[in-house]
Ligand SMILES: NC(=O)c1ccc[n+]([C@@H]2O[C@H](COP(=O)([O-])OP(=O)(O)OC[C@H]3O[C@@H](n4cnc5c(N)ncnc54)[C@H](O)[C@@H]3O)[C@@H](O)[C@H]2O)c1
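Okay, so here's just one chain, in structure tokens, the form predicted alone.
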């Protein structure tokens, strides 16, 4: 079992970060490397490990390549890769791809003196979900989940497709809460946490951020009284960097909202 005593925080560590080619994953990869760590980035393109996490082969290749490149030992794994498109692949990456990453690389974490793991949920996890899709995800029934997501995507109803993304992020958050305190993770001295970003400033929302009307629309769904309607990718990346650092010895099972205050406004009575 890994030691419960953290090693020196200046000791270089070895990480795997999925979704490393853009957004939060890219910002995290750059941050960890600036701090002197080794990072094996994973993405469908422009990465150290190029795989498609919607497929069983891609998930198997991730584990095999991570094992080969790291020498069989990892200090941290961060499942950032995700899609927000109203398509079935969003389910494949956001939920099943994240689980395959964390569960598949856990044996490599067990060989570290201070193993850490984290994933990216979303403020969208508090939005309406599709109950049938969520049930299939929680049951880890990928064929049924993909079939339901396909049906939702084909409905062409206003807002209906958003439930694919919302459901995938709700499910991964529920998985995190259920699994972090178990013998598999906490019992093996592996803190497992998640962040839940609100709106993140990326090229995708550049047009919305450039106008008062666009910013107001963003703020309506994700009100952010702290520093405006969108956070730079570095904000959630910096929190992830701490969560998977040797410094984090007792924080586990947490879903930390990085949303400028949106969750506290949307759900003021929740403790």
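Residue numbers count along the first chain shown, from 1. Note that the structure is a prediction, hence the values are computed from the model and not measured.
Beyond the structure shown, there is the form predicted in complex with this ligand, which is absent from this document and is the topic of what follows.
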Look up in the predicted bound form whether residue 234 has a non-hydrogen atom within 4.5 angstroms of this ligand, and give yes or no. no
Partner proximity in the predicted bound form: residue 145 to this ligand, non-hydrogen atom cutoff 4.5 Å: no
So, in the predicted bound form, is residue 14 in contact with this ligand at a 4.5 angstroms heavy atom limit? no
Is residue 83 one of the residues lying within 4.5 Å of this ligand in the predicted bound form, judged by heavy atom distances? yes
Choose one stretch from 242-250, 48-56, 32-40, 64-72: the one whose residues place a heavy atom within 4.5 angstroms of this ligand in the predicted bound form. 48-56
With the partner absent here, would 122, 169 and 200 each sit within 4.5 Å of this ligand in the predicted bound form, counting heavy atoms only? yes
Using a 4.5 Å heavy atom cut-off, which residue among 185, 175, 96, 165 comes into contact with this ligand in the predicted bound form? 165
